[in-house]
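Coming up is one lone chain in structure tokens, specifically the form predicted alone.
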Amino acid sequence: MVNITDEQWVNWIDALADDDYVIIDDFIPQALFERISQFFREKREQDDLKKAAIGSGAQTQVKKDLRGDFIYWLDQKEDVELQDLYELLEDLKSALNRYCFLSLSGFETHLALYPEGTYYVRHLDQFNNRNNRMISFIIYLNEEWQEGNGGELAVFKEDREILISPIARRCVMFRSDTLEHEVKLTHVPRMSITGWMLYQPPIVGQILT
């Protein structure tokens, strides 16, 4: 179980509201990090991670020149080993609803592996035909990441490019419909839990991909 105080939630969510993104180091405890990492290793050994696509529904396409990651969608009913992670994400959803007056109803999340030599070009976490992602979150699992390994998350705010290192146990959250971002070319395997807090049904309006 992960214990986060109301003061911590308020500070993080205030930063998210002010800047459209927030970086939280040591977001998960070491024990949960090790449990997730072991689960990740098992899924890799079982070849359960599949090439990621872009788009949604019938418009889904695999485009290696745009993104190079492999993913495994987590299922709370099947992947019960990660119960503490799901409870933490439920707490995050509740905190966002409580302090930002959102109407989040759930979340979706997957394991993400970027092999050496891969990247993800600049984009928004929204679809033309599905626009219910409100808050994106990434929890990094790269225990031995070093400067020069690549794989940084670049977020674009106004005329600035902000680089965020994918350090183990670090969480990054940002507005899915506002903040364009990309994954820089990685020179070593890069691993994370990636997901989205959802508003359902989809918000009406034009959304850019």
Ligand code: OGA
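From 1 onward, residues are counted along the sequence shown. Values in this document were obtained by computation on a predicted structure and should not be read as measured data.
There is another form of the same protein, the form predicted in complex with the named molecule; it is not shown, and what comes next is about it.
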- Note on the structure: Note: the named molecule not shown here; in the model of the complex, the stretch from 85 to 93, 72 to 80, 112 to 120, 99 to 107 having heavy atoms within 4.5 Å of it is 112 to 120
- Of Ile28, Ile36, Met173, Val183, which residue is found within 4.5 angstroms of the named molecule in the model of the complex when only non-hydrogen atoms are counted? Val183
- Verify the contact flag for Lys43: yes if a non-hydrogen atom of it lies within 4.5 Å of a non-hydrogen atom of the named molecule in the model of the complex, no if not. no
- Query: Heavy atoms within 4.5 Å of the named molecule in the model of the complex: does Leu141 have any?
  - Reply: no
- Query: Would Trp196 count as touching the named molecule in the model of the complex under a 4.5 Å heavy atom rule?
  - Reply: yes
- Considering only heavy atoms, tell me if Arg169 and the named molecule come within 4.5 Å of each other in the model of the complex. no
- Judged by heavy atom distances of 4.5 Å or less, which residues of 147 to 164 approach the named molecule in the model of the complex? Leu153
